[in-house]
Every structure is written in C-alpha cells, then in structure tokens.
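This document starts with two versions of one protein chain, written out as structure tokens and named structure 1 and structure 2.
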Structure 1
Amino acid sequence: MSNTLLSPPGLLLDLPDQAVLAMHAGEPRHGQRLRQDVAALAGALAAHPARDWGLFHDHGYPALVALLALWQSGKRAWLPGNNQPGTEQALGRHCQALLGDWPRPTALPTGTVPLPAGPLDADAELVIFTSGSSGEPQAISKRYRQLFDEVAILEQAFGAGLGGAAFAGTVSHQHIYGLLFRLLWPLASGRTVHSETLQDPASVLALASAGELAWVASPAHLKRLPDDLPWASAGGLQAVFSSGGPLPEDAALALAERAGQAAIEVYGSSETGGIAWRRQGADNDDAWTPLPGVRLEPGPRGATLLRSPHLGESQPWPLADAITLRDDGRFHLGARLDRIVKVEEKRVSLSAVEQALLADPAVAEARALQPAGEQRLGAVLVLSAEGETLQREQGRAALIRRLRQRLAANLETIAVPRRWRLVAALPETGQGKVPMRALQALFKHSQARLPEPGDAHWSAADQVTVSLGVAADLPWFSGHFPGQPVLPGVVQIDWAEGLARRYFELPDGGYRLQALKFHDLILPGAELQLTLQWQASTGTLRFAFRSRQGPHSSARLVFEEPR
C-alpha cells in the first residue's frame, strides 16, 4: 500500500486489517486493532456532551487514536504543545473537557457502545497553536481536508524516495510538523508509525539498522549530533527530515557527510503549512524549491504572497519572511519581517539585530529580545570557536565592546543591545523550540547567579538533563572551606530551582524542601549532570546532581501557590 494514499473520507474504513500501522510499547498495532481502538473511544466520546476537547498524549499511537475518535464522534480537537497547568488553564477558555495524559483528565462514560468506523467529515476540525515573537500562543484552526491535502503533497514530493520506510521522530506530535510527518502522513500512506518520541539519535539509528526508516527531526537535534554515532550500521536510513527553522550550513554539510545523504529541510509554518524544501550538501545551493502546487509571487511593499492548495480560503497569504525570488521558480529565504518591538517609541526589527550579530564570526547563534518591563534590548549569544578564543584571551567586556561597535556601524543606536547574555547553548524545549519565557528568564536578576548549562537532553516532556561545568573561581568556593573548597548545599538547591525555570513554567510562590540527600561533595572542576523533573499536577520539582563519580545530591521542591 506504500506510496498510495488512502482516500480522506474512507481513511478508517480502508485501513488494511493485518498491516502494521504502528509500533507502540514494543508491540505492533495492526489496522484492525487501530479501527477497534478508535471505535471504542469514539463511542465513549459520543456519549459525552462536551464538544471541544484538549488533547495531549506523550506517545503517538494513543494521540492518533484519540484524534481520529474525536473526529469520528463529531468533536473538535485542541492540540497544545504541553500539558502544564498554565496550558490547562488557558485551554479552559475554549474546551469543556480534557483527553489523554493530563494531571486530571475528564472522566468518560463507561459501558458505551463502540461507534463503527464511517466516512470522516472533510470539515472535521483541529485547533493547533503557534507562537509569535511575543511567545504568546495563537490558536489556528485546521480542517481535516486541509491536513490531508498537505499529506498528499508530501507523498507526491518525497514518497517515491521512501518506499515502505517506517517513521520515527525526535520531535513531538503535539505540533503540526510532528503531527503530519510522524502520524498522519505515514498512516495515510500505509507506513509504520513509531509511537515513542525518541530523545537519543542513537536510538533512531538503531531502528535504521533493523529496517528502512525516515527520521523526523529538527535543527535543534541535527546541529548537535554526537561525533560517535554509529552511522555505518544505520543502512536503513532512507531520509532525514528537518523543520522548525533553517538548518545551519555547517550542520547540514556535516550530516550529509556522516549519514551519506543530505537532510530534507521543509520550510513552512502552522498557519501556511508546508511551503518549500531544500537539501543543502546535495544541491550545493541554499535555495528553496516550492512544494507541488505551491506558488510564490511578489506582493505590495516588498512582501511575498503565497498561494497553496492546503491554505484554504485565506489566500493569497503574505509571508512573514523576506523572500528573494529567482527566475527558475526557487527562492532564497531572509529574515522575518514581523518581529518588531518599540524602543523609545521607535520600531526596531529583532530579526535585523540578530542578522547583524550573526554577521560577526565570533557569533554562532543569536537571539534578540526586549527584556520584560524594559525599554532597552537584550541579546543572547552562543559564541563560535573564534568568539570563545577572543573571550578567553581578551575578556568578556572586550568581546561585547567589539560587537557593539560593529552593530553601531549598521544599526540605529537604540537597536544596539544594552544587556548581554553569553550561553553555551540556547535554552530549548523538548520539541527543539527556543521559548521566549526561557530567554526572558536569562535577564532576571536571580539568573545571573546560575552556572551556564550545556546541551539539554529530554527523556520525557517533563524531564530534562543538562550538563554543568563547576568552575574553580566561583564565588561560593571562597572560604567554604579553607584548604578544600566545596560547593555549598544551599547553592545546589538554588541552581536546581533557577535552571528549572528555564525549561518549565514553575509557580512564583515559595516551596517546601523534601527528601534532601547529600551523597558526595561537589568540588571545583567537577563535570555534573543535573536532572530536573517537573510534576505539574502536584507542583513538585525533583532534582538530582550526578557526575562520573556517582550521585552528589537530590531533593524535592514542593511549590506553594502564591498568595
């Protein structure tokens, strides 16, 4: 059945009974089982009066079952990016019920009759969320027919090169890219879905060593691949997809050399769907090729207009990115046009500030923002090897002075950042996004006391592990203790809470300390792994410091609601 899409209305009716459509919890899920699971859940949903349901599942197969059951029973699904308390509260303005892995999911009626599979309504609705430059989630409605139109375009563009490859992802299905590439496209084309969101690229390559596989990834994952991955044994890797932002050229070329094939980057947004694709390292060109049926044309005031089969009635759609069209129909992608803030009553493009910073060879990554409650700009930078050398030899002040001077030559004075944060890696969510709240947290006074974490590795949506280097010149070592400096326990607790705020939406109130254990001293020069687990339903943060020597400390922080 591969490369032949099931018809949109008959998707559930036409699922082949014995085909393995998903691997979930180590077991195959055949077409007959999927249809039965959908029918049972659809029957319970049909007996519940709620129309709008907030849907969240950690794993792909139950999310797919739930989405199809909601559509089958005539409900509307709302797909948030996480199941945190703030998200649940925001959904309460739109949804009457919650389905899936929530702290308090809605109870479903028991003893209901399964709802047999029938034609799916082309206007069945899914509401997804996207974040603008402010970081405030925006709700976007998608119809089933729009989603299927996009699936059809993906199959037309890339299906022939995939054969019967299964799909596995290191991105979440709770966002439109992961939903389409990890669940809906493979289901409609008869390819197997790997239910678990994988955190370790080695796990992806292990699957590729056992059979044909398509890897659904993001730039956040692909630009930080370990050097020792077993590429030679992953002969079944048929394709690597990347979306969410352009893949840096050096990362794209490195991947092409190691994997033996270039990543397929897909450009688009939640609002527009997929627009174009490219393969750096294969075409020796950074230009983008529009997907089948997609057309770009010049618009007013320098904008570019999009016409697309899956855009719906909202076309032509003005794109938020600067586009340079070529005579051959391809195009070059520039900075975003809509990231504008006001500084001293003047409009400043954050994208222009970032592009100016990235033009300096000392800068590898850059994010510009307006710290909360301030009129001036801030910049968060990841230095390149050249930048790290400059900082080591001349100092942080000299490096920032150089950047300010270069920016002043190209930007208005008010657009030159006044506040700076140099980080080892940009803070990212489990989906590989850089959240605005995490960038804002870097400019809070308390965050200045924290060590700079390295890469973040997510083992679940609520658990992250970061690496920390303990420098010998930290102020807390002074006088604690003479002759044998030791990192104080109170500092370890402070680090755990402060760093957790970069990755989770913790309450602002105080906390109670529970189950505190100190196993071993943390000495100058230690290389630590800090694991943070946030349980939103109980307001509990668990942390544990470890190194190669073993565990150092652990505790629970139980947060109290602010009064």
Structure 2
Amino acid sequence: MSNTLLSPPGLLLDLPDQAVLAMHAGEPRHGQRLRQDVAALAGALAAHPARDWGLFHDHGYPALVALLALWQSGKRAWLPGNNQPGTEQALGRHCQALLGDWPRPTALPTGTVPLPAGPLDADAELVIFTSGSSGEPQAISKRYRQLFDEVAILEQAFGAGLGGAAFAGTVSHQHIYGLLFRLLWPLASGRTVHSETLQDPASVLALASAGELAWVASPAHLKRLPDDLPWASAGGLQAVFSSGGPLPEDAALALAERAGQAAIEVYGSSETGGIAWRRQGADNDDAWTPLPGVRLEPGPRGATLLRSPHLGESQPWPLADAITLRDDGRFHLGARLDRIVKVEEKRVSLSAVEQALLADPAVAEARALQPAGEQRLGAVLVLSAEGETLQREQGRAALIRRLRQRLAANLETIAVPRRWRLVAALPETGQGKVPMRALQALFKHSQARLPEPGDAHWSAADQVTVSLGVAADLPWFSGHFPGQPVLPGVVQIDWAEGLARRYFELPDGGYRLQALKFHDLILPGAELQLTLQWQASTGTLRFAFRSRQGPHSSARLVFEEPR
C-alpha cells in the first residue's frame, strides 16, 4: 500500500501536529513546529519588498521552511546548486534578496506578525538550475502544482515498497532530484525528512540500523562504496534511489549483492522531471521503464520526443539523449546528442570549456572531450606564439597549472580537464574536419610516447604526409647505442602505426610486417617526413620515413581480419 498524499493547496494546513516530519540537528520537528516556523518566516518575508529570493541552505529542514514561507508570502524562490561567490553574482541578475546560508544574507524585518498557514497557490513558482552545467546554468521555472504532480507519480510508482520509511540523502536538496526525493515527497506522504546532507554511506547505514529508511543517493557515491560497510546491521534499508546518471552495471550488481536489494535508478532531468526507472540486478535487464503517465515516441533526426505530465505546456519535449525504443514499451539509453557530457553526474558543456580555454592568450586552438572510458575531461591544445614562449621559459607543468587555474575561476572544478595534450596542429582529415576518433586516439596510453607531428598534407583521401622533428632528448637515444645514438627500428614502426591511428580508422588487432627496409639511420635532431597510406579494402598501412638525406625506412603493416 502506498501512503495517502496530502492535498496540494492544503499541504501546510493538513500537516499532522504530532507527526515527526523531520529530524534536524538531532531533534524531531513536528507538524506544529514546521507550521510555526513557516508562519514566522513568511510574516517577515511578506514585510520585505523583494519578490525574487535566492534560497540556499546547507540543511534540508530550513530549506523546506524557507521554500514554503516564500510560497506562503507570495514570493518567487530561486534555488541555486551552491552558495559560491560566482553563483551569488549570477543570481544577482534575477534576485533582489538572499535567504539562508549566504556570506551576507539579506536582513529580514524583525518583530513582524506571523503569517498564518493558508492554502498554497498552485502556481507558486520555484526556479531551479540545470545541474552543475559549466558556462551559463539554465534557469528552469517549476510551479508548485507541477512539483506536487511529480511527487504523486513517485508515490504511485515506488511508495508501496517504502512503508513508513524516513528519507536520508547523500545528494543535495539544492538540485531538483534531491529537492523532490529528500524533501517534498516525504513531506507530502507523511514520512520523516533527515535534514542533513550526509557524505558518508556509513552514516546512512547507521540510520537504517535504527529504523526504516530510504536512501536518496547518486552514482558518484554508489560506485565508490567502501568494502567494509556494515550492511548486515542496516536491516531498515527499504530502498536505495540513484539519479543524475546511469549507475554502471558492476556497481549496481555489487550494491544489489551487498545491500540485498537493487537500487532504483531514476532517469530524468531538471527540465523534464522524472522520465523512467530501472533496477539492474533485480531485473536482468538494463532497459528503462517509463514512469506512469510518461510517453516516448520517435521524433525527427533520431531524437526521441517525450510527453509527460511534468512538462506543463512545453510538449512534446525532444530528449538530448539517444534512445532506442523497444516493442514492450521499455527503452535503452545511449549517448548525448549534443556537446554536453556528464562528468560524475554533472552536466558539462564542452563548448563552454573550449571557450574558457580560448580566452587565454596562450591558447590558439582548443578541443575538449571525454576520453573513452573516463569521467574527467581531456583537452587538446595548439599553443599560440605566446603560449609557446611560456612553455619554453616556464615549462609545460607551469603552463598547464596556469590554464587549470583560469578555468577553475570560470567553471565548476569538475569541468576542468585533467589530461592535456599539447599538439603542433589539430589532427585534420583531408576535408579539414577534426575527427573525434583522432582526438580520442591522443588519449590512448599507447600514444603517450609519440612525437608531435606538424601540419598534415593530404595528397589523396587515403594518403597523408606529416613532418616530425626528432628531439635529441628522446629516451630511446640514451643507451642505444653508446656513443652512437640512433632511433631504433621498432620505435619507427610504433610511430608510424600510432600516428596513422590519428588519421585513419585502423583495426584494433595485430598486424603482419612486410617489405621492411631500413635505408639510413635516424639520428638525433633529424627533420623527418612521414608518409602514411591506408588501404582499407586490404587492411594495409604503408609508411615511409624520409628526410633531405633521402629515404630512411619503409614497410607495409597488414592488419588481421577482426575476429
């Protein structure tokens, strides 16, 4: 049986006086107390002229009181993801006043008369921001009615399995997922809100050893759980929710095994609200099931259109993720269709990262990407003349530190690239495009010891020539051979193959070496031309190293058929 929800307009009036609605700072907060706290704050807010308030609280209970008081007093609440100086400055464009845990919150009038609880306006407004997007966060307006409808659907979908469980979270209530799951849903369904945003899973399990509990979590925590958590004593754990991004399968299965139940993952976004859910490990299926009332249909250009009760008037909504619909109504989730990537559940705009990099005079060209299989971003840069000078005089580490610091001032820390590739020129195709494959190739570990090629000259669609300087301080020159350093033949073949991967789509498997010829030694300081020709039909890569002195080496690499 799911719980009965309070009616939206009467929410404040109907809160049961004696029920424990929240645990805050170790003490229970009953319905009567919440009503008093809201009335007192609403009275003060009503006496202040500002209409738009930036709301931030470290803890859930005061955030809930503040939100209800803003609505009760006819104000509009703006809920930013953090209270950092940059956020405060950006909020200043929309809000005349700040409420809660800010360095300098707006002074409220004192001695005002409490504003007694009345029906809440169904159109009362809350503005939220897209989760941690770098660049300009997008503001999204939600109506009280919309939020409440979403709560009703959550109760319908998941309420029966929860009983009277209290809610605790390791995600912030300052984002829509935490706000709905940690505060509004338990409040409207008569369950207890744990006010503190917990960091440590052990704290969550301690609560679950004392009573029934639903854990509002995210993949960031769930995929990094310590091995030694006391699961056995956490018998009260009724459900683990996860949202913000898909939970990797191995993390989902490990959790299901240890916790004795699979996490309920919820797929959605700030703009769309909840869309679907799944339980990997319980279902043997990683497909998503639409939430009640949600419909998905194929749209133009590979996009999927969403129709949902949470969308209000902006129907149908084209989703930013690639989606494969199944006949049984469930679906598989693919990659993003735009230049947004998720880094540990936070949206990051690659364009914004590139803009921030280009704003530094040391940078001439910039590409940001998420290297395959990694979370943190990588950046590929071509330095400007100023950047080259800086690198020569202060070194690569100092240059990158400077770029990191510049980015950290403008972007969320998580959006600052962790891996950097400084190249003489971006790897371009004959058509002048910079293919993602070539950028990705730069971050493969085998690429770490390749020399940096200069501009690529294409003589045909399948043939490219690049210039390479052979630095005298390459590791291969030391000890090979004493007194007469030369570039080993095996290194030449590695260079040819590795560099070819930036320009052509070579198979991953092994190859046979044919017609290998070494004409002339390659010495430190040599200026080489490397010509690469790729014949896809036969899987053959030809390479030749030349310099002013003539040919140095050449061979054919015949790749094996992929099995």
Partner chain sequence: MSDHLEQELKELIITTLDLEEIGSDDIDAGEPLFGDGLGLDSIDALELGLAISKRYDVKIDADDKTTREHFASVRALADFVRNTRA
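In this text, rigid core is short for the largest set of C-alphas that superpose within 1.5 Å between two forms. Numbering runs along the sequence of structure 1, starting at 1. Keep in mind the model is a prediction, meaning the values are calculated, not measured.
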Seminar exercise, completed: Answer check: the form predicted alone matches structure 1
For this session: Establish whether a shift of 2 Å or more occurs at the C-alpha of residue 532 between the two structures, with the two forms superposed on the rigid core.
Result: yes
For this session: Indicate whether residue 318 shows a C-alpha shift of 2 Å or more between the two structures, with the rigid core used for the fit.
Result: no
Problem set entry | Core-aligned CA displacement of residue 421 at least 2 Å between the two structures | yes
Exercise. What is the magnitude, in angstrom, of the C-alpha shift at residue 375 between the two structures when the rigid core serves as the superposition reference?
Worked result: 20.7
